[in-house]
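Before any questions on binding or motion, here is one chain by itself as structure tokens, the form predicted on its own.
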């Protein structure tokens, strides 16, 4: 089991943002996680990543507590946030850091980036924070896919991509290992219908729909 959540809850300012929800994620599950702003989608993902201590229930990722075993849990996850972080390293420094910390060969990242028409070698001295939004997103996607993780989590991954970049991204995803589990926080269900086998809809901190396709 990749994720096992049983009756989990989280409050902010005495209000439930996760209201006693339960679900399992198995190897090969590819989920569209949907719902309006404030539904609890991002809070759920952050709990999975070990950012939040829950107020109730139990949550296991790869059979482990995501807070107590956070380093080990994060070692099996690739996460792409909606807003790229303000990294001050230049591209060469960032590639070296990722390679050293995650064991990903730099050339593997360069190769994945090239599939989205991002030439990293021509931008090695450029600071990450000075890249365009699309270039930042493509680099983060290339790092995530190069890691070969058991679980990929994408928070609106194509928000900064143009139509061509979106098409390239989805073509890349169609080729990943079928045993890899994926969670897409998205409002563009039409774009990923061919990539998912399950959709979960959240509202007011609850899962109101969980449908296998």
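Positions refer to the first chain, counted from 1. Note that the coordinates shown come from a computational prediction; the quantities given were computed from them, not determined experimentally.
There is another form of the same protein, the form predicted together with a small molecule; it is not shown, and what comes next is about it.
Name the single residue among 173, 59, 151, 39 that comes within 4.5 Å of the small molecule in the predicted complex, judging by heavy atoms.
So the residue touching the small molecule in the predicted complex, by this definition, is 39.
The small molecule isn't shown here, but in the predicted complex which of 181, 168, 160, 43 has a heavy atom within 4.5 Å of it?
The residue in contact is 43.
Taking the shortest heavy atom distance, is residue 164 within 4.5 Å of the small molecule in the predicted complex?
It does not: once the small molecule is placed as it appears in the predicted complex, residue 164 has no heavy atom within 4.5 Å of it.
Contact test in the predicted complex: residue 102 vs the small molecule, heavy atoms, 4.5 Å:
Result no; residue 102 lies far from the small molecule in the predicted complex.
Check residue 82 for me: does it contact the small molecule in the predicted complex (non-hydrogen atoms, 4.5 angstroms)?
Looking in the predicted complex, residue contacts with the small molecule include residue 82, since a heavy atom lies within 4.5 Å.
Would you classify residue 17 as touching the small molecule in the predicted complex, given a 4.5 Å non-hydrogen atom cut-off?
Looking in the predicted complex, residue contacts with the small molecule include residue 17, since a heavy atom lies within 4.5 Å.
Within 4.5 Å of the small molecule in the predicted complex, counting heavy atoms only, one of 173-181, 142-150, 61-69, 31-39 shows up; tell me which.
Of the options, only 31-39 has residues within 4.5 Å of the partner.
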